[in-house]
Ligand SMILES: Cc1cc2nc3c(=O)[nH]c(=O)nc-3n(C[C@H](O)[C@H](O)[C@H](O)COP(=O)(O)OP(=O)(O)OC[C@H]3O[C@@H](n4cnc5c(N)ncnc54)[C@H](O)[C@@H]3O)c2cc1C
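Here we start with a single chain on its own, the form predicted alone, put down as structure tokens.
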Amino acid sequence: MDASRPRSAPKRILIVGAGLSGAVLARELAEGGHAVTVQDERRHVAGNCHTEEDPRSGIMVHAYGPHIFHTADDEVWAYVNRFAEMMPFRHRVKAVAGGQVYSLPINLHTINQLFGRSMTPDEARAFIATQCRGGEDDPQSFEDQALRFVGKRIYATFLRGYTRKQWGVEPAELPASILRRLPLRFDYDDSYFDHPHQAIPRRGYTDMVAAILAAERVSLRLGAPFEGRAEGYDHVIYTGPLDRYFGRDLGPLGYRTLDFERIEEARGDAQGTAVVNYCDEEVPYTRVTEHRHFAPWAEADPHRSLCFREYSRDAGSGDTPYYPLRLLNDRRRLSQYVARAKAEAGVTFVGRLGTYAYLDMDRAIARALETARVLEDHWAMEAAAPAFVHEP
């Protein structure tokens, strides 16, 4: 917390959720002099970023699927380096389609391999332009965006089947914004992200989040579900599912969840890379992750490996929500929940679940830092803190 900012009278704050958003807010507000209780229904901190060491192999496992920290935000990068030793990590992904192995994201190697050519960057750029569907209006769906962005052949090979498995709906029903996050490169760069800072904490994300929470005036309650009661607190910060806060009385918001099939290998390297996507729709899983590759610096058993097959499906009420669907009905229902959240006195909704938005880790941290500043400014002016800081 910036010591030069005006201070408000100390408050008692309850934060629901011990993931990145909740931890950063807890740290910032506690350093501002407030008494903060962080409550989470899970028995560990770090939310879906939770990491744990496999006792048999010593491999660091990303329990809810792999997380790679990447950012261009220097403030956020400096922040995480306060609490963890960040080890440089360049994420590279391979894809299996039609029995062939390709490089992702789609780059010049992918294009030349798929079309059996040896094009230069300019030749490939001109060639892909001939493959793409034209149109003057902005594409609204994932499918329309893909056909205009990469053309029918690339879409059919890498995107259509994988997308149907990942999201459980036709690509024509998904918003175009999902595809806009994926790069298309006309060189041989196969690094999945292009941010200047890319890393994984040496000791894992759970250790990093625990360090963020290790502050005076922060108390932690794990294995404690939030029942909607917050007596004795001046303000509540809620990072859980937005619809769940209101008892889903307007209907549930749509999420996809993941099931993991564990595969132990009595060899040191099972697939040669951290992630292999399986694009063909007849393969029921979306990808296989090999977790020893996410921490090559770890002192793990060199003769053992640990992989997970990932299966995507619609989330039920008792499932861990991963990806907001944001289909047409979800967006209508979301607007109703947002209106209610704005009217909820003494509560601020933040985070991926609290705003029903897909947020990378760096954006979650940036928004949490901003939210802490907004709350402090309102309290310093003795004004009511906003119920909903960030639009989803």
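Computed from a predicted model, the values in this text were never measured in an experiment. When you see a residue number, it is the position in the sequence shown, counting from 1.
The same protein also exists as the form predicted in complex with the named molecule; that form is not shown, yet it is the one meant from here on.
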Close approach of residue 359 to the named molecule in the predicted bound form, 4.5 Å, heavy atom: yes
Taking the named molecule as it sits in the predicted bound form, is residue 210 near enough to touch it, meaning that at least one heavy atom pair lies within 4.5 angstroms? no
Does the named molecule come within 4.5 Å of any heavy atom of residue 372 in the predicted bound form? no
Although the named molecule is absent from this view, report whether residue 27 comes within 4.5 Å of it in the predicted bound form, heavy atoms only. no
Which residue, 258, 97, 111, 274, has a heavy atom that falls within 4.5 Å of the named molecule in the predicted bound form? 258
Of 125, 197, 160, 244, the one that lies within 4.5 Å of the named molecule in the predicted bound form (heavy atoms): 244
Pick from 28-36, 327-335, 340-348, 43-51: which stretch has non-hydrogen atoms within 4.5 Å of the named molecule in the predicted bound form? 43-51
Need the contact residues for 292-323: heavy atom within 4.5 Å of the named molecule in the predicted bound form, sequence order, or none if there are none. 322, 323
